[in-house]
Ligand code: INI
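Starting off, we have a lone chain in the form predicted on its own, written out as structure tokens.
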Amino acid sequence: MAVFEGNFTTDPESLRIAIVIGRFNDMVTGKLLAGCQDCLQRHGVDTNPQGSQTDYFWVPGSFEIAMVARQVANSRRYNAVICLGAVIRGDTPHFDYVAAEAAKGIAAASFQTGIPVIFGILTTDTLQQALERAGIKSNLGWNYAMNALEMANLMRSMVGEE
């Protein structure tokens, strides 16, 4: 019997990461991206856009993230895709539709491609809550990058690429 578990130290130089970021609420998504990049850099992944390990895909908002994430994962060029966005509740039901469809689409992208696609879309009631999760109290962008590293390494160990 074997135990498979992801880690954060297995040959980070060989990982390729895609990050899909929604521009809408960019005051929040920019901070999430900075936290994500900090984590990846500290774990040995080159986040320079001109480098060979990390590519960035900017989309209008959180609703569009899933479609691009699926295309990127389908390319098989990446070990993980990190999706960053922010959906903040307003006075209309728009929040419910966007948040639900973004979550479903990101999950489907991962299931359909077998590539870890990390759900890093904040869904909050207020801008203050979003800012707290994007850096004022802690930066969840860091956590999303950790999830991507762990899942990428777990998937590689399962197929014997380590």
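Keep in mind that what you see is a predicted model, and the values were worked out from it rather than measured. Quick note: we count residues from 1 along the sequence shown, nothing fancier.
What comes next is about the form predicted in complex with the named molecule, which does not appear here.
Mapping the unseen interface onto this chain, residue 72 falls outside it, with no heavy atom inside 4.5 Å of the named molecule in the predicted complex. Within this chain, residue 42 is remote from the site of the named molecule in the predicted complex, having no heavy atom within 4.5 Å. Taking non-hydrogen atoms only, residue 63 approaches the named molecule to within 4.5 angstroms in the predicted complex. Contact check for residue 147: no non-hydrogen atom falls within 4.5 Å of the named molecule in the predicted complex. Judged against the named molecule in the predicted complex with a 4.5 angstroms heavy atom cut-off, the residues 24, 94 and 98 are in contact without exception. Per the 4.5 Å heavy atom criterion, the named molecule in the predicted complex is contacted by stretch 55-63, the sole one of 55-63, 131-139, 30-38, 103-111. Shown without its partner, the chain has 86, 87, 88, 94, 98 in segment 84-117 as residues with a non-hydrogen atom within 4.5 angstroms of the named molecule in the predicted complex.
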